[in-house]
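In the block that follows, a single chain appears as structure tokens, in the form predicted alone.
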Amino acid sequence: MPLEPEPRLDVSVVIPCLDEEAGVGAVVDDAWAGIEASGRSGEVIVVDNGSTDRSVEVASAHGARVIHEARRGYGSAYGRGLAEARGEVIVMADADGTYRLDTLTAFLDAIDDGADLVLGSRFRGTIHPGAMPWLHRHIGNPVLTAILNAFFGVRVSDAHCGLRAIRRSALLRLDLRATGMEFASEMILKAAKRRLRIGEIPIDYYARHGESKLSTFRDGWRHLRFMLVYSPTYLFLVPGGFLLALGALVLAVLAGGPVTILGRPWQIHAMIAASTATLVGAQILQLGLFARSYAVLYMGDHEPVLERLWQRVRLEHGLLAGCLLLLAGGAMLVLVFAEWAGGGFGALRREHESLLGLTLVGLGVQTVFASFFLSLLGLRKDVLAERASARVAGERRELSGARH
């Protein structure tokens, strides 16, 4: 997202707009009142996202700088507005009158006090009658906020509040790309990943002017889908690890033949299911490792454990592990085949050992090729060295500044 390198204002208020003729004028007035009350220089930008009513004329008449974004979507509109903003601090708000901007001084003061991103909290403030549907207030927003907090280690009470402020220097680090409503989640989770300081301010939330454009289930799913995609731990590592551990445990128990547990016999059928769970779990874990590696090497994420592993584990280590699995599984299959051949190729009596050997061979093949793929991703491991050098240099500058 290209931003102007030399901002000339203290604050920019960016307001996306799609057919908000009834509310946008009052919102722009509130924004100007808030800027004036703060004693700062500023601008009000309204991003028209294809309005068919008089929203553009109303916003212009009330003193906003109107820009146009042809690509539809909440995130698309904000992407354009943030790129056009010239303020050191950028305040974001909706055009429907649900937020009062004449009190934005509190957001600016929080930024001055050290926060990088400040969110409004409707749940810690006051939600006025008719402002939020029951489903959104008691299920949708709380559940999605709880998931975001759990996945990304943040502690916010209202992850989807449309009133927020962000420091310009922090915005440059986020590389925001979402085009829809999930833009709100993207900003918070990327701020958490970049270890930015996030604050919250209780606010009032009022009933909107005009008709809502939110789609409860569609937009809720977009938020959830986005969080899952950006959280390989919960999308890949947790289910993959569970399947792998469960499958390996059952394989170990049944490797020598049928067993009776709790009065129930467990035979080859259970072992087939365990083999499947082991191979699928290992594959899911590998996908999670690929995703985390890509995020660290190409998307600027920070993962201390993985970065240390990149420095110490080489392709040869993965190939060795894969070959050991292949050899173990292959040896078992050779022994089973020799016994079977010695018996004249009659009935196969070593089904459990055969299945275990095949599973080990499958794991070995997966490990070998996964190691090669990770090695390809790791062609940019120099990025990690550069980041480490940058962190050391930053710590030295801070130490030097503290001494002076």
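Each residue number is its position in the shown sequence, starting from 1. All figures in this text were calculated on a predicted structure; none of them were measured in a lab.
Separately, the form predicted together with a small molecule exists; it is not shown, and the next lines address it.
- No member of the trio Thr103, Ala115 and Glu200 reaches the small molecule in the predicted bound form with any non-hydrogen atom inside 4.5 Å.
- Only one of Arg314, Arg173, Arg124, Lys213 comes within 4.5 Å of the small molecule in the predicted bound form through a heavy atom, and that residue is Lys213.
- Residue-level contacts in the predicted bound form: of Arg72, Arg137, Arg225, Arg194, one residue has a heavy atom within 4.5 Å of the small molecule, and it is Arg72.
- Of the candidate stretches 305-313, 205-213, 232-240, 150-158, only 205-213 contains residues with a heavy atom within 4.5 Å of the small molecule in the predicted bound form.
- By the criterion of a heavy atom within 4.5 Å, Val47 is counted among the residues contacting the small molecule in the predicted bound form.
- Contact annotation for Ala22: none of its heavy atoms lies within 4.5 Å of the small molecule in the predicted bound form.
- Under a 4.5 angstroms non-hydrogen atom cutoff, the small molecule in the predicted bound form has Ala95 among its neighbouring residues.
- The shortest heavy atom separation between Ala131 and the small molecule in the predicted bound form is within 4.5 Å.
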